[in-house]
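Have a look below at one chain only, the form predicted on its own, in structure tokens format.
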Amino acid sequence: MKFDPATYKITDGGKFGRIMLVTGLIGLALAAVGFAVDREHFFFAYLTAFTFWVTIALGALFFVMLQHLTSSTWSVVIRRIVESLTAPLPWLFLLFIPLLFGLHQLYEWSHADVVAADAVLKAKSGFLNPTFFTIRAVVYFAVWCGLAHFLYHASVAQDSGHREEHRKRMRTLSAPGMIIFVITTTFAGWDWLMSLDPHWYSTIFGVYFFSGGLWAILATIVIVVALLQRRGVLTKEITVEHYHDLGKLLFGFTIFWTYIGFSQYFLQWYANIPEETKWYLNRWVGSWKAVSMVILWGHFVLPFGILIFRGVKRSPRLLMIMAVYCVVMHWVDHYWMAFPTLNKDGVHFSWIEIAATVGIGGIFVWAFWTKFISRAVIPVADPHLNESINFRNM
């Protein structure tokens, strides 16, 4: 890989992109073998991998809009990285299509005979039906891809020379975009994961779905920045001060995710309504009890206890280790949300989960890298760039 510090462009991306593409295709091919071996398990593994990666891309989109709305200066130097992390969204839309062929394996509400015999499902059939489910998914991706596309191109247009209209365009789009994003992401969480158990419901589940993605994208940014700097990219522009802020956000959203998860659990436990508590009871059976404890201790207690220290947040090496750990825990969380619907007695882990995650992940990283190296790696003409590079925590 060759980086030109004068133009802030990666002039030669090397073989990394091709390696990721080939890795993704091999992973998807192996996952297809899993489809032939165990069709039902394949679709749950694929759904877990898909929602894991799509929430990271959605977290990136939210982060970009948030920076525009708050006129943030510290994050300008990392903004192009995050903008490029939204690039996989159109590819994720294509990778969503296989799930449409697995509706019968995944969702109880997709069976007409089951719905006809169940009063609850019959009452929800106007919303939970294959046709409307598919239409909603198309709308979600149209909104997300549209927002990502216009924000990225408005940012790139700024590179040729800043004009105030560029900044206003990005901020003006981010304001209604944030509202539409929140609505579509909430419904996507309900559709793809909550409706796996259509008798259960939670009005806060969409926020839980979103908060995990935001937590994961903060960790992903740390990983990408650290890996780039190891290759000599942006070694002077991104400093320990930026790591510190990313670490603070990662710590803060560790607490936010926990608050949302606990709020959902506590209110449903307190109400003690069978339709609400059954989702948690299903995750307290057999080896699922151990996974539930991993979620509690591994997703909250451990990162909280480590990230609370200032020294960890200001150490790129330690923060990267924690970031990798957080991304892994984000995957465990999605596994925990999806698989108890299939394996009710306990965990039955398979190589298919790994193949699906690597397959979709390879395409994700390839799409990100291809977009990232096509332009300057920072918004070179942003009027706040120098302020961002020289940013210091108080």
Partner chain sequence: MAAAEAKELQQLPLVLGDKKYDNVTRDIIAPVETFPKKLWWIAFSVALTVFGVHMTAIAVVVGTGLGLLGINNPVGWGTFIINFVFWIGIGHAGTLISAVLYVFRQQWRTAINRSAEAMTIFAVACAGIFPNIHVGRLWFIFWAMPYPNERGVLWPNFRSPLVWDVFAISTYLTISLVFWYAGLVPDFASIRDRIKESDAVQKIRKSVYSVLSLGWVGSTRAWAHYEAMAMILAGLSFPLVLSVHSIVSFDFATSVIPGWHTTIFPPYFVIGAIFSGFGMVLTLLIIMREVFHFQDYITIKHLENMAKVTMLTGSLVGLAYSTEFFMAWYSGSPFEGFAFINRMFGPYWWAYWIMVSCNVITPQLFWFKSIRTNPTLLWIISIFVNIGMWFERYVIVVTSLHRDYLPSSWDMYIMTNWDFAILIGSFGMFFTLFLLFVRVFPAIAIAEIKMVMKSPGAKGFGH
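Residue numbers count along the first chain shown, from 1. Everything numeric here is computed off the predicted structure, so don't read it as measured data.
Below, we refer to the form predicted in complex with the partner chain, which is not included among the displayed structures.
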Practice item. May I ask you to choose, among 133, 93, 150, 200, the residue with a heavy atom within 4.5 Å of the partner chain in the predicted complex? Key: 200
Practice item. Find the only residue in 111, 167, 231, 283 having a heavy atom within 4.5 Å of the partner chain in the predicted complex. Key: 167
Point to revise | Triplet 74, 171 and 248 all within 4.5 Å of the partner chain in the predicted complex via a heavy atom | key: yes
Exercise for review: Tell me the stretch among 210 to 218, 94 to 102, 178 to 186, 290 to 298 that has any heavy atom within 4.5 angstroms of the partner chain in the predicted complex.
Suggested key: 178 to 186
Point to revise | Contact flag, residue 314 vs the partner chain in the predicted complex, heavy atom cut 4.5 Å | key: no
Check your understanding: residue 276: heavy atom within 4.5 Å of the partner chain in the predicted complex?
Key -> yes
Review point. Are any of the heavy atoms in residue 260 no more than 4.5 Å from a heavy atom of the partner chain in the predicted complex?
Key: yes
Review point. Does the partner chain come within 4.5 Å of any heavy atom of residue 309 in the predicted complex?
Key: no
Review point. Out of 259 to 295, which residues reach within 4.5 Å of the partner chain in the predicted complex, heavy atoms considered?
Key: 259, 260, 262, 263, 264, 266, 267, 268, 269, 270, 271, 273, 276
